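One chain comes next, on its own, written as structure tokens: the form predicted on its own.
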């Protein structure tokens, strides 16, 4: 992925993670009649008034901006379900509740572009923020117990949480391995004696959705 702002802070920027989340399917209720749309990622439609259908989140947002549909929030975004998740997060210190991999990005996009379609929107947003804060605290607590192992297993992490901890875990594992096997870690910053490092100036392929 191009355009990483700072590889030492995070593998992807927040905007890049949100871009990937936009391919998640979501249900809309069109208020117009339109033939199927054909994209590289698949075909969606036909669109009929008041007949629910599933489309990628980016398409749902585009249609919503043009006043062509209403967006149905996913079931996990109800106050009842989010309250249950928050209670579960607080009650279980060593485990994470099951949520969609992109729950942070999906909720943010819906709060920005479809707030009138979300029942009890302010309560839902508050619950999502509370859940995110509790989970981040649990991630930090889990990392405090980190030791030099070959793998770190934390089930049910979201994309945002994985993106935060992956650089740290990768560097920590490399440091443990280098400490145990210093002779096996090459000095990547130094070119072999008698050789000149040649830069790779081949053009990069353009990104496509």
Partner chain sequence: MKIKSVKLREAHKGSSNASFCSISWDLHAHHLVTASSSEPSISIHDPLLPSNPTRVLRHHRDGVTALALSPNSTCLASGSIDHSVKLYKFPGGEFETNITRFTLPIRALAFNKSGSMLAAAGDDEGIKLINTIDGSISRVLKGHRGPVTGLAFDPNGEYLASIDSIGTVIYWELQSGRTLYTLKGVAPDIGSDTSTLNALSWSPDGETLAVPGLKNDVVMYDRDTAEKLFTLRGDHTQPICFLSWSPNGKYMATSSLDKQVLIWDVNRKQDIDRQKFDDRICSMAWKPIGNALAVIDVMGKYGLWESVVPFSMKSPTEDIPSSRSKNNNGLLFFDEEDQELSMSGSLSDLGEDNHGESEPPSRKRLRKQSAIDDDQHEDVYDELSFPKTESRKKVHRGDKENSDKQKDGLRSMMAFRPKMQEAFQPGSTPPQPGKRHFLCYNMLGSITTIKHDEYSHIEIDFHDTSTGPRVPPMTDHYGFTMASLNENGSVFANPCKGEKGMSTLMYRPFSSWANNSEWYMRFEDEEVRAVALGATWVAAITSLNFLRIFTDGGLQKHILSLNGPVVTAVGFKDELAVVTHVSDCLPSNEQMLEFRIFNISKGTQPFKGRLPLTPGSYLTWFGFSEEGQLSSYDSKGVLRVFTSQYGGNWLPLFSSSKERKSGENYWVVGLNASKLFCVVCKNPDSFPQVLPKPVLTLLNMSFPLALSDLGEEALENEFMLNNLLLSQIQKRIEGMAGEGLDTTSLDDEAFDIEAAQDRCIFRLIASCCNGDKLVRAIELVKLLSVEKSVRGAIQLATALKLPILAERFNNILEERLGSKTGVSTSLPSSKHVPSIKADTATERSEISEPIISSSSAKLSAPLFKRKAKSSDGVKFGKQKTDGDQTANLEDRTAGPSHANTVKEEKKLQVQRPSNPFLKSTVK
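Bear in mind that the values here come from a model prediction, so they are computed numbers and not experimental data. Positions refer to the first chain, counted from 1.
The next section is about a form of this same protein that is not shown, the form predicted together with the partner chain.
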>> Taking 4.5 angstroms as the heavy atom distance cut-off, pick the stretch from 82-90, 122-130, 104-112, 68-76 that is near the partner chain in the predicted bound form.
In response: 68-76
>> Quick check on this chain: which one of 154, 41, 37, 52 has a heavy atom within 4.5 Å of the partner chain in the predicted bound form?
In response: 52
> Should residue 142 be counted as a contact of the partner chain in the predicted bound form, where contact means heavy atoms within 4.5 Å?
Replying inline: no
>> Residue-level question: is residue 29 within 4.5 Å of the partner chain in the predicted bound form, judged on heavy atoms?
In response: yes
